[in-house]
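Coming up is one lone chain in structure tokens, specifically the form predicted on its own.
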């Protein structure tokens, strides 16, 4: 019984959780979303460039895209963040005078996300039937216009669930930015929970951090499932008034 009480006190100390939740909501949550959204938007832009390079007719562009993707998908996230954050940190401070680690953290997350998002976009674009491109060319569109107006929009629509999944990964990967050193006002969700756990010797603040990550990621996971189901089945057909009246009439007769 003592062991069970100790276990509960270690992981579910409500007072320790309540002490860190306000700072997680006011400081950690905005910083986490700033890192994830910024790197997600920039990663989508760079990822689209990589996808276009990957399907280009120019072999040099295809090889450059392939090398970039292999490197940033193969190197662990923590290594990339440390190399960029610590390696470029002195140069950035010398040029700008700023010690804020967020720009370098966003850069590292962007470079990693772009490698995955580029492959997502490439697979989506290549999944579009060739007839779509041929039909648009037959209507008088050039190759670039056909890709920009017809093929790429369809490809993006098909990979929306995978893009949301990648954004979920960015939310979790943003916790690694603490390695670059954060001021009190720059801490994200994990750093706040980890600092409180280290100071108190209790793991309940980390449980609170995990719960907040779940609050962010579980709705997005269900959104992925909804988007995927909608793309596969389409919108439910609305019954015409006559059909609806016939169904109601049959029900009344029964």
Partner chain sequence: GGTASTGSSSPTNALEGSDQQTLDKYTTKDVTALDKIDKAALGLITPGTITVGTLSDAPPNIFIDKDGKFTGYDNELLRAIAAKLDLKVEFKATGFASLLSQVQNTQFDIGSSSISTTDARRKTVAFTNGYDFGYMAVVAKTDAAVKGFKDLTKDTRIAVVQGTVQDDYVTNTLQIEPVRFEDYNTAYANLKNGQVDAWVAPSQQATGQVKEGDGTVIAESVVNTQNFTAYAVSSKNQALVDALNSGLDAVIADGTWSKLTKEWYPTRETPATWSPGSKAVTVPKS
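In this text, all values refer to a predicted model and were calculated from it rather than measured experimentally. Numbering follows the first chain given and starts at 1.
Beyond what is shown, the protein has a form predicted in complex with the partner chain; the following relates to that form.
- For the chain shown alone, residue 26 is not a contact residue for the partner chain in the predicted bound form, no non-hydrogen atom being within 4.5 angstroms.
- For the chain shown alone, residue 194 is a contact residue for the partner chain in the predicted bound form, at least one non-hydrogen atom being within 4.5 angstroms.
- Though the partner is left out of this view, residue 182 does reach within 4.5 Å of the partner chain in the predicted bound form, counting heavy atoms only.
- Among heavy atoms of residue 99, some come within 4.5 Å of the partner chain in the predicted bound form.
- Interface residues of 60-86, taken as those with a heavy atom within 4.5 Å of the partner chain in the predicted bound form (partner not displayed): 82, 85, 86, in sequence order.
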